[in-house]
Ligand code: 5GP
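First comes one chain, alone, set out as structure tokens in the form predicted alone.
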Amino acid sequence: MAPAVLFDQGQIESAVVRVGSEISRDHPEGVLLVAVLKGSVMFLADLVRAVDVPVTVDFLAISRFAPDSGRVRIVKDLEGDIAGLDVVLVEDIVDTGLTATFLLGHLRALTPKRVRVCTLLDRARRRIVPVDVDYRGFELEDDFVLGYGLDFQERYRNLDRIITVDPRPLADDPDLHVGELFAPERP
């Protein structure tokens, strides 16, 4: 399966502006956006410019899921105190809900005023644990997606669009689509 554009740059920009407006509306006094590294960085960079109330930013990073355990751990924690603040957890994709649930538990233990979830892509069909997503860019089916922060072995994050691909050939050649996706356009 050749790569196909699922959401182009214009669609992503429109979704980010919409989500930024929703966050601004719900947090007129200001908000702390907590982004999950690395996948949400591109989304966060655009989102923070679309929020028109006072906004601050912090970051969390988690380990990959441990084999056969489904467990993750915090490898980079917040730098600031979030007690009493309105916090929005910013994810690139909410899928099974396991990561979001883990991070929500961690954040709530730090006693913010409230915590909400924002994701660029929401794949609710695959939920294992229920997660309330307050702000979503797009709903996603079962597509394997890359671009706009989403990667395969650290590749394709810098695409300005979200594409869908068959992941099986990427396992043998992670650079399989690099030439066609990053080649300069010919006039």
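Sequential numbering from 1, following the sequence displayed. For clarity, every value in this text was computed on a predicted model and none was experimentally measured.
Keep in mind that the form predicted in complex with this ligand is not shown, yet the notes after this line are about it.
**Student:** Any chance Val94 has a heavy atom within 4.5 Å of this ligand in the predicted complex?
**Tutor:** Result yes; Val94 sits at the interface with this ligand in the predicted complex.
**Student:** Do Leu146 and this ligand come within 4.5 Å of each other in the predicted complex, heavy atoms counted?
**Tutor:** Yes, Leu146 lies within 4.5 Å of this ligand in the predicted complex.
**Student:** Please determine whether Leu32 contacts this ligand in the predicted complex, using a 4.5 Å cut-off between heavy atoms.
**Tutor:** Although this ligand is absent here, Leu32 would stay clear of it in the predicted complex, with no heavy atoms inside 4.5 Å.
**Student:** I'd like to check something about Leu150: if you look in the predicted complex, is any of its heavy atoms closer than or equal to 4.5 Å to a heavy atom of this ligand?
**Tutor:** Yes.
**Student:** Let me know the one among Leu110, Ile74, Leu98, Leu78 whose heavy atoms come within 4.5 Å of this ligand in the predicted complex, would you?
**Tutor:** Contact residue from the list: Leu98.
**Student:** Just give me the residues of 10 to 45, first to last, that have a heavy atom within 4.5 Å of this ligand in the predicted complex.
**Tutor:** Heavy-atom contacts to this ligand in the predicted complex: nothing from 10 to 45.
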